[in-house]
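Here's a solo chain for you in structure tokens, the form predicted on its own.
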């Protein structure tokens, strides 16, 4: 009978042999890979092709040139557009993460204590999520309306306060747009955080309670570390979603006053469908893609590795 050390060494000896085995590809996967590649990658390649032309919605002048890239990226309004986009994205992502986590914590704690109204809170947040962006923008435009029938200004008048120029003040309109976007997007963060909270092992909280940890200590030393992956993944998703948001803005402010709320996605829409400049729109789309991928890679770098999990 071989010694115990030899028996325990057998799996380790077989491991290199298994590692040398090449992964097999099922034949039925090849057509699927081809179809998905054409469906997802061809439009991307076509955008890169259009960025090297002078194409418009009215026709194609033909030929390839790098002049479109230089002319589009050197436009004087581009730095201001990027600044507006950064402000809108940072404020929206931070607020959605914070509010989504707060609502999820309230709902989970309410469910544990079987409090009445937790289902209502969760459903109310989800209702805003399913409202189309255009409809959401119209709803908030009615609330922010500066006329006597405006929703928020009417409440201010009832309380004896002066009306606020929600949509015409360049220093205030951006935060009005952020509020409307956070109202709609918080539900997604709430769903992600809710699922992650339900997946945390209750034994961790029991051990913390035995050690005398307060509720605040349990939050910062148990809950948030366990939510690290969910927070980062959610941040990637809502950042990409926010960078592509333009429907709510176009119905709420149209990018105004001036260009104080014209984010990059809305600017791209205007360049293509109002100026008919398809090639410049392709360049701006590539710029949005680069920004989204760059932020996603930065977030992904902070995701816990396999051994950390």
Partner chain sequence: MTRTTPFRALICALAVSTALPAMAQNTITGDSVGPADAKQTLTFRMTTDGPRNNEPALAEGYGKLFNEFVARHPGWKIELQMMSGDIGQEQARMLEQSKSGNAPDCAAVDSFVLPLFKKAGVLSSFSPYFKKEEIDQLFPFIRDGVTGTDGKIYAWWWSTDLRVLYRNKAIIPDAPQTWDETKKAALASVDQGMEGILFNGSRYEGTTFDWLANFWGQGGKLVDDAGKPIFGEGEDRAKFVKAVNYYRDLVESGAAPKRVATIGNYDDFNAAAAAGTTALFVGGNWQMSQLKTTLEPEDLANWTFSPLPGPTKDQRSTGTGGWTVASFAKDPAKVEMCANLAREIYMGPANELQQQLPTRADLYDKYPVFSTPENKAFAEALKVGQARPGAPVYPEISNQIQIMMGKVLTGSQPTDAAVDEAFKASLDAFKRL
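Residue numbers count along the first chain shown, from 1. Remember, it's a predicted structure, so these values are computed and weren't measured experimentally.
One more form of this protein, predicted together with its partner chain, exists but is not displayed; see below.
Proximity to its partner chain in the predicted complex, taken as heavy atoms within 4.5 Å, picks out 161 to 169 from the listed stretches 116 to 124, 161 to 169, 208 to 216, 234 to 242. Among the residues 154, 229, 87, 145, the one placing a heavy atom within 4.5 Å of its partner chain in the predicted complex is 145.
Of the heavy atoms in residue 276, some are within 4.5 Å of its partner chain in the predicted complex. Put simply, residue 259 is close to its partner chain in the predicted complex: some heavy atom of it is within 4.5 Å. Within this chain, residue 75 lines the site of its partner chain in the predicted complex, having a heavy atom no more than 4.5 Å away. Shown alone here, residue 58 lies within 4.5 Å of its partner chain in the predicted complex, counting heavy atoms only. Contact annotation for 207 to 242: no residue has a non-hydrogen atom within 4.5 angstroms of its partner chain in the predicted complex.
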